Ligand SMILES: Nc1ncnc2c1ncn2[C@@H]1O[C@H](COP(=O)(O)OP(=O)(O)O)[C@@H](O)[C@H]1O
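The data below hold one chain only, encoded as structure tokens and taken in the form predicted on its own.
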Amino acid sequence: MPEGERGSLTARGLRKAFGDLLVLGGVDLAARPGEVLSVLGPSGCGKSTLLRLLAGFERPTSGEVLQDGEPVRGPSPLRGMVAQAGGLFPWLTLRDNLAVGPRAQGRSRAETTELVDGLLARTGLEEFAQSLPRSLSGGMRQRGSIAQVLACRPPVLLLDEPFAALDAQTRLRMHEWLGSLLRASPTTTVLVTHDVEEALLLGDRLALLSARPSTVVEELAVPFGPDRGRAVLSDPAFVALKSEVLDRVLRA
């Protein structure tokens, strides 16, 4: 498949039960190459479970997940996932954390160094390259965690509420930073979040889930340009859409 066409991710009739508890009741959705798909839904509807199924960490009870038309049967470097707590190894410096994936993929020392240097620059973390994770702020650790995943160059990036633990000001800075990063290097991204504002700031489309057992009840295109900085928060159209989407989530 040509490089520019890689990165589609599709769920078809995805059902997941844990014993007698049916969490996902038949989810159908598709993330297109290079877009950011935000997934919203009421608390407890199975958003994180859906993301784990997309990643291949869980197997569906029925239905299937396809990446570029091929079945997802387990974890793969073709899909990188970042959770709330991040994934930095506490005993490694930030630079060494970013280098773990490329080295495991067999990249040369020179190629790994070039890749890591580039990511440190793009994430604004160059001066902290030799720091251990415990000495970084929460926002820095999450930037590092996302850079760690992107170092493996996955066609698909899966984000499970990566900024939920941050304070409001840091979270907004992270929204602007991640939006800029994904515009510079488009990567198919599925973002699971409970934050409507976050979903609208980062997403090209929204998929709204119902209460458990969840299904996709609606998909919406985000009608704003790619440069969605903090100025858009006061745009009357943004404020109105945020209120409308929040109301739909509460009624789901």
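Values in this document were obtained by computation on a predicted structure and should not be read as measured data. Residue indices: 1-based, along the sequence shown.
This protein has a second form, the form predicted together with the ligand, left out of what is shown; the following refers to that one.
A.B. asks: Going by heavy atom distances of 4.5 angstroms or less, which of 67, 187, 49, 215 would be at the interface with the ligand in the model of the complex?
C.D. replies: Of the candidates 67, 187, 49, 215, 49 is the one lying within 4.5 Å of the ligand in the model of the complex.
A.B. asks: Just give me the single entry in 42, 60, 34, 56 that has a non-hydrogen atom within 4.5 angstroms of the ligand in the model of the complex.
C.D. replies: Only one option qualifies, and that one is 42.
A.B. asks: Heavy atoms within 4.5 Å of the ligand in the model of the complex: which of the stretches 20 to 28, 224 to 232, 7 to 15, 239 to 247 has them?
C.D. replies: It is 20 to 28 that comes within 4.5 Å of the partner.
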